[in-house]
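Only one chain is shown below, in structure tokens, and it's the form predicted alone.
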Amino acid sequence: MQIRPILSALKKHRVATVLIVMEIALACAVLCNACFMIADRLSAMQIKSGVDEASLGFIALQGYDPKNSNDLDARVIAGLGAISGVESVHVINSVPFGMQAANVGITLDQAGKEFRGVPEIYLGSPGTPQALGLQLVAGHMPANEDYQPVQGYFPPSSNVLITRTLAKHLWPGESPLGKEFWSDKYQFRVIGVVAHLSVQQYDEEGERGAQWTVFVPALPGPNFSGTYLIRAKPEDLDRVMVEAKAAIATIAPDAVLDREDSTTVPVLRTRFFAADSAMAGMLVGVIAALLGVTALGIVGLASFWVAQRRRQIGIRRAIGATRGDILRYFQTENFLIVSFGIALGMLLAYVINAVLMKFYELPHLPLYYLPFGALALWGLGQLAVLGPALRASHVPPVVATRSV
């Protein structure tokens, strides 16, 4: 196939060619960035919480007198524990995808000079790590003597669990067991490492920041009360949570139930990622609409050119061109137009990504999205031009030559 005659023909239709090239370039730029954003959102939604979500629920109470916190905790634990299907009830400050309860800056030295980030802190009463279903990968779970009263925000000195991701960040290439870190006057000593325990409120910092968590064993008291972890069998959990929220009015009439945060962990996860799910769906719609418009543009332009070139096609068929030659001519012409659009679209994709990075703090667009977008548009172009090209290839030479 001679490329030069095709380029000469395109020069005679510069305006139409430039318009379709611009449309393809825009489609390429939007396609690459939209697919990247969808993949980024879907990846975030697959974050591992590290807990047995299907078996866990959370109850939050407000409005009670802190002086009565020990009595309140005793009544709630006993009352909720008596509900049929409840396996255990523990005092905990929050759960993954629940309300953000505590995050603090930590240092590797007591003087506070070696800052190492801001992990989120889980406080839990005895048995909480086991009820959460945390997977221990090194060290051991807190023993009964590791659970200390909270003074201020945390126990003054705590033997804690941290995630594997946080351990690698704090002491890369070293065993974290027995090592210490500080937050102001509070001292933490690592006794165990868990595979995963996501933060309570994931804030776009990626997998690394999402797993920067510390579990601090603590005893309930005035500074740590009123929020509870309920464990039940997955098939019983929804019923248990309904009965638990109804029972609170009787068990703790001196407290107010936080109905928004008191629900199952699966509901909290779904609610937390609702905006991401909606955005991914919207972007899929934008991609479908844009590709549809681009395909219609290619079909329209190709059909117009086929109709306009019937005399040219007839001459070529009369001097020996086969149907395959005509078909390949239009397919090659489309391939060149789409290629021009893709080349321009790749540059435009990075411009759009730079704008998104600046105003929406998105990551840099990976290079492998560009060939993906190019293949998609080449395929779309070939499919869109196939109909008009086939009609052109079926023009009988004798009919075409009547107009010569």
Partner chain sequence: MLAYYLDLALRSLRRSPVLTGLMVLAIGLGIGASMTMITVLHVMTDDPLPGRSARLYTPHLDPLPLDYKRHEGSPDPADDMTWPDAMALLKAHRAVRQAAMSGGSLLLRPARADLHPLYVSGRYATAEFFPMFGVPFERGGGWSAADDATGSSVVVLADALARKLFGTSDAVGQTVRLGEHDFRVIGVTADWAPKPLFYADQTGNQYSDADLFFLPLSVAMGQKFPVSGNQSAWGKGESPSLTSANMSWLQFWVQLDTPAQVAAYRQYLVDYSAQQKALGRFQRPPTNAKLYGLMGWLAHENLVPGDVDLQLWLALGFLFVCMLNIVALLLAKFLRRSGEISVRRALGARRRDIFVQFGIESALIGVAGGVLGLGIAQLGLWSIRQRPDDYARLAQMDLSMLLGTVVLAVLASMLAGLLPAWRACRVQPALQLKGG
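Positions refer to the first chain, counted from 1. If you superpose the two forms and keep the largest set of C-alpha atoms that fall within 1.5 Å, you have the rigid core. Bear in mind that the values here come from a model prediction, so they are computed numbers and not experimental data.
There is another form of the same protein, the form predicted in complex with the partner chain; it is not shown, and what comes next is about it.
- Pick from 219, 108, 286, 82: which residue has any heavy atom within 4.5 angstroms of the partner chain in the predicted bound form? Of 219, 108, 286, 82, the residue with a heavy atom within 4.5 Å of the partner chain in the predicted bound form is 286.
- Answer option from 334, 163, 227, 294, heavy atom within 4.5 Å of the partner chain in the predicted bound form: Filtering the options by heavy-atom distance leaves 294.
- Task: Flag residue 177 as yes or no: does it have a non-hydrogen atom within 4.5 angstroms of any non-hydrogen atom of the partner chain in the predicted bound form?
- Result: Contact check for residue 177: no, nothing within 4.5 Å of the partner chain in the predicted bound form.
- Might residue 63 be said to contact the partner chain in the predicted bound form, defining contact as any heavy atom within 4.5 Å? Although the partner chain is absent here, residue 63 would touch it in the predicted bound form, with heavy atoms inside 4.5 Å.
- Message: I'd like to know if residue 71 sits close to the partner chain in the predicted bound form, meaning any non-hydrogen atom pair within 4.5 angstroms.
- Response: Although the partner chain is absent here, residue 71 would stay clear of it in the predicted bound form, with no heavy atoms inside 4.5 Å.
- Query: Does the 4.5 Å heavy atom contact test between residue 356 and the partner chain in the predicted bound form come out positive?
  - Reply: Yes, contact at 4.5 Å.
- Task: With the partner chain left out here, work out from 316-324, 144-152, 252-260, 191-199 which stretch has heavy atoms within 4.5 Å of it in the predicted bound form.
- Result: Comparing against the partner chain in the predicted bound form, the contact stretch is 252-260.
- Message: Whether 30, 279 and 282 jointly form a contact site for the partner chain in the predicted bound form is the question; each needs a heavy atom within 4.5 Å.
- Response: Spot residues vs the partner chain: full contact, yes.
- Taking only heavy atoms into account, state which residues of 295-320 are within 4.5 Å of the partner chain in the predicted bound form, ordered by sequence. 296, 297, 300, 301, 304, 307 sit within 4.5 Å of the partner.
- If we fit on the core, is the Cα of residue 179 displaced 2 Å or more between this form and the one not shown? Not so; residue 179 is displaced by less than 2 Å.
- Is the C-alpha displacement of residue 245 equal to or greater than 2 Å between this form and the one not shown once the rigid core has been superposed? Stays below the 2 Å threshold, so no.
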